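Coming up is one lone chain in structure tokens, specifically the form predicted on its own.
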Amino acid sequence: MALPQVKVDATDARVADLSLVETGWTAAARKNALSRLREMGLPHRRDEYWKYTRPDTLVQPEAPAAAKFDPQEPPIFSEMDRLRIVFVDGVFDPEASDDLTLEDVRIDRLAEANSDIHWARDLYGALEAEGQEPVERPLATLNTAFATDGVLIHVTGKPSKPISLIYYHQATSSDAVLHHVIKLDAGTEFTLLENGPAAARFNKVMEVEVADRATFHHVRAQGRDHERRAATHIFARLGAESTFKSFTLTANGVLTRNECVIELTGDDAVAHVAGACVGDGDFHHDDTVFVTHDALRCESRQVFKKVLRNGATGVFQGKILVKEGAQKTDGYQISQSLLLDDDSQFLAKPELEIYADDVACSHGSTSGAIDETALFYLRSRGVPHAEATNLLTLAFLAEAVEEIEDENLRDEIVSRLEAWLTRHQS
């Protein structure tokens, strides 16, 4: 079927603005991605999985004006012992970064890894391509074709500290296209942190292969920048008895779409993806998740909580697909919003598709206001209205935050939420 002309025109205009790398070990994957992109076209608001989120500013040739920052908000994770890797306007900054040496980890830059026998050759673009079925994700394909930089992380043991990816920008108008590839060998364990203002427009893909009995922890904080327009994608493939846990905190930003595509291919694998979102005013946040169970006795959890006020919009699209033969599957999905006024809205599309008969799968989605009974109880005990509202809001977000295993990281996220609520309280 021929693409609608509007999608052809949008794709041609965006591609004309970018340069394709035609040499090195990524060349074949990039050419393949460009071919796939031209077949599917960039997203349009009439596409099924974009009907709640307008992709216009994510696909236009020119990036919008640079983001503004919240000067009251200090950088997150700054007190933690971590290996820092800094990108400015989508380009690696060696002076701001730490030495890229850490035991049990090999770290390379995508822009400099030119060897034809690089370990990431068989992974770059592979999980992204697999993740295009049954739902097309053209912004991720655009990223694979035109990514300018990123990190390639090969974990061979249990490093003593996490790696922290930090995104900044300096240009008045910036467009960052980063692609990370992460491979965990069997039996390893690794924690990845992400934060920073990023760019006015940010397109990031992370491909994660978690081998048998390996454990991957991911904690991401999207904040500080009030005018961020971001599309992020995580594609993960899990081996037997492996664990994947990802949490995202989102505050501020005009438009954020976080996609996560997870495939459990080994028996007894566990995948948890969670998010806490707080939005005020001109704020649109979209979590789109697709989890595929393709093995025995696997567990997945999707836990998303959004707090919205002053006309902010939240979106959740989550699906659990249980393939034939994936018996003893345990799939759980919950998406909830707390609307602090009558102007905000929450749009949800939870889905289950099951082809096995011995499973325990559930999904639920609710939207509501502050519990007036609980609020009255706190007020009657002398708690001021604003403080009582913040306490109930933090309690609402707790289920998502508790998905973070590391207590120090969990405390850091709670502290950041408390500070945001205090600054934005009525």
Partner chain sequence: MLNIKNLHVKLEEEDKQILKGVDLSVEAGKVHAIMGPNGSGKSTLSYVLSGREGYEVTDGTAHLGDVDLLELEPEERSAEGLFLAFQYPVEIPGVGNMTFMRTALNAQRKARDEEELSAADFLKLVRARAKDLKIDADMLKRPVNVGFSGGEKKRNEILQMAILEPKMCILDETDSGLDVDAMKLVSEGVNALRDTGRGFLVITHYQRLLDHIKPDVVHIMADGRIVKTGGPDLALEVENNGYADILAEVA
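Residue numbers count along the first chain shown, from 1. Quantities reported herein were computed from a predicted structural model and do not represent experimental measurements.
Beyond what is shown, the protein has a form predicted in complex with its partner chain; the following relates to that form.
Of the residues 369, 28, 374, 360, just one reaches its partner chain in the model of the complex with a heavy atom at 4.5 Å or closer; this is 374. Residues within 4.5 angstroms of its partner chain in the model of the complex, judged by any non-hydrogen atom, belong to 390-398 and to none of the other stretches in 390-398, 360-368, 32-40, 48-56.
Contact check for residue 382: a non-hydrogen atom falls within 4.5 Å of its partner chain in the model of the complex.
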